[in-house]
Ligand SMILES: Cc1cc2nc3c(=O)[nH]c(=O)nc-3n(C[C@H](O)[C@H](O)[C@H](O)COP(=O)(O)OP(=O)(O)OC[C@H]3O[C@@H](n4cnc5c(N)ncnc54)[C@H](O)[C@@H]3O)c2cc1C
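Quick setup: one chain, the form predicted alone, written in structure tokens, and binding and motion questions come after.
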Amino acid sequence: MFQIKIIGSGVAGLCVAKELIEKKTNITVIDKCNVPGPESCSWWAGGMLAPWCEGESTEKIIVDLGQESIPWWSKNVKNVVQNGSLIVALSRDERELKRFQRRTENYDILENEGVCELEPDLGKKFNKGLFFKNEAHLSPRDSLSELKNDLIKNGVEFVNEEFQFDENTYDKKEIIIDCRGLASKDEQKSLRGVKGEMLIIECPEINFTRPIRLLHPRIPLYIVPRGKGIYMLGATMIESNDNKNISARSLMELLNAAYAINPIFGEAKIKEIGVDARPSYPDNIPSIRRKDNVISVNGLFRHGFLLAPALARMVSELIFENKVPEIISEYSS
């Protein structure tokens, strides 16, 4: 039986553990923080499983691999909602909708009445929309906790301590899988942080049933329903390692965009403000690489929940079939 240590218990680490436990391996997950929790950037994720929407701003391989996420999460956690994604733009920004349409696929074009029928609480202010009916979303926090509890039931040990990478790391017979995200900068100098800022608000007067993206040339907004009138608003992408402080401009932009979607959001209660830095390579492509007995899984950018299942599968294939991963960043070495 393989002895495996997974360093980091964010979405990447937990998905890798879930994939490997199916191979009857002996797994220990080590993390200096008690996660899932606010110390992990996975905690602040939107939870959108939207591979076709992501085609607007990413490479085709991300779209292709991201399609594995919906069946994987649906199999392993309970709260996956497959109601699709809706993309809209105010009349002044309809050119953004046309641009989004050109760069993506697998959508239906909706006219005003179709948008209203899909989400009545949007009113009639949007002339057109793009409906990606095969996409899904989940609650990241519930999903991470459910995944961790399932792993514990299946014999995975979780250790709350900091793992020390040194020359002895590479001499052991066990396999070590580094899923630390930005904490791996000590090993991978090309990693950078991309700051994301988000809000969680409560507005029971509005009932959206799927993620809605409001396109804007400066800061596009997405609203993700979390149930019982709770919504996640996000998210910015700022070149920064700062994972503590939201900027006044970002807070204003997020709230203004929500108000533009429906003025009732102006009465919403702000429950949380979240900030963290996503681990990214310069090309925003994730990577799996191996050095001796250490495997690194990193650079998921803003695609953590979308790509973690595919990356976990590739780690399993690398260990048990010696198969070269399908995805690797040219900057990861």
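Just so it is clear, the structure is predicted and the values come from calculations on it, not from any experiment. In case it trips you up, residue 1 is the first one in the sequence shown, and so on.
FYI, the form predicted in complex with the ligand isn't displayed, but the following is about it.
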**Request:** Tell me whether Ser85, Tyr107 and Pro220, taken together, all sit within 4.5 Å of the ligand in the predicted complex, counting heavy atoms only.
**Result:** no
From Asp171, Asp166, Glu117, Glu161: within 4.5 Å of the ligand in the predicted complex by heavy atoms is Glu161
The ligand in the predicted complex has a heavy atom of only one listed residue within 4.5 Å, and of Ala268, Ile62, Ile295, Cys41 that residue is Cys41
Within 4.5 Å of the ligand in the predicted complex by heavy atoms, the stretch out of 145-153, 193-201, 75-83, 245-253 is 193-201
Check: Looking in the predicted complex, any heavy atom of Ile7 within 4.5 Å of the ligand?
Finding: yes
Proximity of Leu306 to the ligand in the predicted complex, heavy atoms at 4.5 Å
yes
Please run the contact check for Ala45 against the ligand in the predicted complex: heavy atoms, 4.5 angstroms, yes or no? yes
_If we define contact as a non-hydrogen atom of the residue within 4.5 angstroms of the partner, is Leu300 a contact of the ligand in the predicted complex?_
yes
Contact check, 28-42 vs the ligand in the predicted complex, heavy atom within 4.5 Å, ordered by sequence, gives Ile30, Asp31, Lys32, Cys33, Val35, Ser40, Cys41, Ser42
